[in-house]
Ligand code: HEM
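Starting off, we have a lone chain in the form predicted on its own, written out as structure tokens.
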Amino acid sequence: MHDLKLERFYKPRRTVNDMVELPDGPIKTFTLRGIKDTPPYLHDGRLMTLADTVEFFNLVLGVKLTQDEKDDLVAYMLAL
């Protein structure tokens, strides 16, 4: 289980489309096997492609990957 602390990117308890935004808390970490066959990504389906997912974690975790590194990571996941 991992908590990405995404609430740092929005105001918790704000109402959007008649729904209240709440912190997600810890989420289950899934296996990468067959990941290319299971879009959308993240526990709530907010990311449509593997490239979006890599960019999301690059920003959230502050990894600072280059475009070549991101492309290599996506290619690796597509090969799993």
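Not measured: the values here are computed from a predicted model. The first residue of the shown sequence is 1; numbering continues from there.
Unshown form predicted in complex with protoporphyrin IX containing FE; subsequent notes refer to it.
- Although the partner is absent from this view, L61 contacts protoporphyrin IX containing FE in the predicted complex, with a non-hydrogen atom inside 4.5 angstroms.
- Among residues of the shown chain, I27 is one whose heavy atoms approach protoporphyrin IX containing FE to within 4.5 Å in the predicted complex.
- Although the partner is absent here, H2 is a contact residue: one of its heavy atoms lies within 4.5 angstroms of protoporphyrin IX containing FE in the predicted complex.
- The shortest heavy atom separation between M48 and protoporphyrin IX containing FE in the predicted complex exceeds 4.5 Å.
- Of all the residues from 48-62, those having a non-hydrogen atom no more than 4.5 Å from protoporphyrin IX containing FE in the predicted complex are L50, T53, V54, F57, L61.
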